[in-house]
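Taking the form predicted alone, here's one chain by itself in structure tokens.
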């Protein structure tokens, strides 16, 4: 693990061999990294340097700190209020609300757009994020016009997790690269549920069974708070399933 994800400290020089390259895609910097022109990349927090060669991206994996919106992030937000042509959405309790246009949903028009009340949850993508402007969101792909899993989150329940666990859950190979397989284990036990993971440290769990929603949420929070390894996650799932039945 240490060789794949080396530890870095704020201001460390990153070995060029650790920086991914791609012929077509530009390099994307995620949380914990800052670009200093012309070509220097510096860590801003202490943690493990993680790279995704497929997406040509890199970031620093860490648990502490507050979520800072970054373009392209998937987030779970809560509608605060509606204006003439957009919703104001809370994605963190300590930053300004993000804006989500009424028509930024699949197939939305003035007549068919979702009617979201204050408190409603949405799964959205950050389209604009910088220091000088409030974040902007979308619930539809700008290229395909499809929701691609984004949009209102009906029913279920949202659980708070650390930023580190949220990032690990969003990895394409969360078990191999992130050391998280608690959701896979719950599914293997026959539980029927769906999830949406936000980089802002929120996980939404939906199911026809309220007991399942609570159990999945409990499994996630215990895995997070106790920093459970894969084997410990398996034992936790077995224990929770026994208690449920």
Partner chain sequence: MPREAEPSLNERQFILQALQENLRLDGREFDQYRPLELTFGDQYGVADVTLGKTRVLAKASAEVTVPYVDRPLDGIFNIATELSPMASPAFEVGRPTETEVLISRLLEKTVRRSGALDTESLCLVAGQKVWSVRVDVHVLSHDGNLIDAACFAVVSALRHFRKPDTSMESGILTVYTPAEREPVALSWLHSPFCVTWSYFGDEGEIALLDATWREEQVRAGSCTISLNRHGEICQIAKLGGTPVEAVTLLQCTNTALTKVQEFSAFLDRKLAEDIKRRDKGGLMAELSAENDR
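Predicted model, so just to flag it, every value in this text is computed and none were measured. Positions refer to the first chain, counted from 1.
Another form exists, predicted in complex with its partner chain; not displayed. Remarks below refer to it.
Every residue of 74, 123 and 137 near its partner chain in the model of the complex, heavy atom within 4.5 Å | Per the other structure, none of 74, 123 and 137 touch its partner chain.
Using a 4.5 Å cut on heavy atoms, which of 128, 157, 108, 86 is close to its partner chain in the model of the complex?
-> The option sitting close enough to the partner is 157.
Proximity to its partner chain in the model of the complex, single hit among 183, 213, 49, 191 (heavy atom within 4.5 Å) = If I apply the 4.5 Å criterion carefully, the residue I get is 213.
Can you say which of 128-136, 167-175, 141-149, 89-97 gets within 4.5 Å of its partner chain in the model of the complex, counting heavy atoms only?
-> Selected stretch: 89-97.
For residue 78, is any heavy atom within 4.5 Å of its partner chain in the model of the complex, or not?
-> Within the cut-off, so yes.
Is there a heavy atom of residue 202 lying 4.5 Å or less from a heavy atom of its partner chain in the model of the complex?
-> Yes.
Distance check, residue 55 to its partner chain in the model of the complex, heavy atom within 4.5 Å | No, residue 55 sits far enough from its partner chain in the model of the complex that none of its heavy atoms falls within 4.5 Å.
Hey, in the model of the complex, does residue 28 get a heavy atom within 4.5 angstroms of its partner chain?
-> Residue 28: no, not in contact with its partner chain in the model of the complex.
In the model of the complex, which residues of 100-117 put a heavy atom within 4.5 Å of its partner chain?
-> Read in sequence order, the lone residue that approaches its partner chain (within 4.5 Å, in the model of the complex) is 117.
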